[in-house]
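What follows is one chain in structure tokens, specifically the form predicted alone.
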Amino acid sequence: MKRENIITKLKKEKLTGRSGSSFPTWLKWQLVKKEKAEKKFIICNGSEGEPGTFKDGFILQNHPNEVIEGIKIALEFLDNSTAYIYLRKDYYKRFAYKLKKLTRNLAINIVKKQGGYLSGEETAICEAIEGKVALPRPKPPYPTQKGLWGYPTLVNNVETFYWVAKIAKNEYKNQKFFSISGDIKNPGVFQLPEKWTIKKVLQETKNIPNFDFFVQAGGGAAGEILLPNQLNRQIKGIATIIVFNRKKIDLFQLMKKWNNFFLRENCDKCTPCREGAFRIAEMLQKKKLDNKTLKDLFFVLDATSLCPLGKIMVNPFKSLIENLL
């Protein structure tokens, strides 16, 4: 297959990024291709820092050849390019040796993630690989324009490169990988049709509870809280589903868990995110939520945060309050 044809195939199959951004893969590849530069870079993002999400680890464990094939296709598509596989620390320990063997004699480097959740953000990855502190950069410019060392850079996650390889071989069946966990009988990673509703995913994996429950979908900290009558929809964001027993869970403890994650992973670079997480922590400590203050905080976080962390912070709190409090 001529590598130029990969854009036609990606566009036809409507593949979108599987990191949660859902950006059209063909368009991102085309944007990097069109940039004029003497060299370009490719990053396979294997940082997978969202709690409750473990499908990229499953793919690296079971399908590393396909991931490498997807990266090779990108290398052939982008002239004078070099690739990096950026792995969170435990993934590096588990998979780096095998990946290095698979990439011998290829322009692919294996890099261990520095820092926490935010160092998996696409511009923070560029900073980390350059040897700097892994903090997000303001956008624009986007990595497709100026990424690693100021050169156009293609950033896709592990699952996206896996599906690129499948599409190149005409083996794509509009599926995605779901991480399913929580108070269920059959946790794990499942490869299922991407258009299935959350309810159908739980039914087909034999994970519909027989007790009063709710789910968090789209992430383990940033995911949206949904009730059983709200599950006839597809997942927004990362294909993560966590099931909670409503009678067993302490909602304030659950919110504290989320907020501790946001406090811990906050880079302190922008005021809305830093102060927003702190103010939410104060309210949770007192077990008294001020709805007006929260409404203002959510608006500011969504509208003015430097990077996605502040924006996604709104989702779990807002949906839990609307559905359960």
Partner chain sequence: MKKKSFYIFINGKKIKAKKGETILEVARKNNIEIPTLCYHPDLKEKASCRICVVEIKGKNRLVTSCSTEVQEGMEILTNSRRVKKARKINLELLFSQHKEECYDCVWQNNCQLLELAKKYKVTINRFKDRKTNYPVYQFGPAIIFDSSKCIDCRNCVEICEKQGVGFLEVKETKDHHLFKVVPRKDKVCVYCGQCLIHCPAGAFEGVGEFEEIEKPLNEKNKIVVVQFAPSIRTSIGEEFGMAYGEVVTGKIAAVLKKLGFDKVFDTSVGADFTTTEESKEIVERIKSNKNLPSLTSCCPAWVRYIEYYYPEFIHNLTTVRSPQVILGGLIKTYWAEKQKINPKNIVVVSIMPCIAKKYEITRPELKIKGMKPVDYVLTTRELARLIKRKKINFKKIKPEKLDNIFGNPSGAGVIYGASGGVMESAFRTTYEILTKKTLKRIDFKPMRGMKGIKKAEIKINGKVRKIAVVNGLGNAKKLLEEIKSNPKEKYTCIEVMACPGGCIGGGGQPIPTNKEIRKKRAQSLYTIDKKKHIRKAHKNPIVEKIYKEFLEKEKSLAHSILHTSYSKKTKEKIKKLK
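Since the structure is predicted, the reported quantities are computational estimates derived from the model, not experimental observations. Residue numbers count along the first chain shown, from 1.
There is another form of this protein, the form predicted in complex with its partner chain, and it is not shown here; the text below is about that form.
- The candidate stretches are 22 to 30, 58 to 66, 258 to 266, 44 to 52, and the one lying within 4.5 Å of its partner chain in the predicted bound form by heavy atoms is 258 to 266.
- Heavy atoms of no residue among 195, 202 and 213 are located within 4.5 Å of its partner chain in the predicted bound form.
- Proximity of residue 36 to its partner chain in the predicted bound form: non-hydrogen atoms within 4.5 Å are absent; the residue sits far from the partner.
- When its partner chain is considered in the predicted bound form, residue 315 lies well away from it, no heavy atom lying within 4.5 Å.
- Proximity of residue 284 to its partner chain in the predicted bound form falls outside the 4.5 Å heavy atom cutoff.
- Its partner chain in the predicted bound form is approached by residue 302, whose closest heavy atom lies within 4.5 angstroms of it.
- Interface residues of 285 to 301, taken as those with a heavy atom within 4.5 Å of its partner chain in the predicted bound form (partner not displayed): 292, 293, 296, 297, 299, 300, 301, in sequence order.
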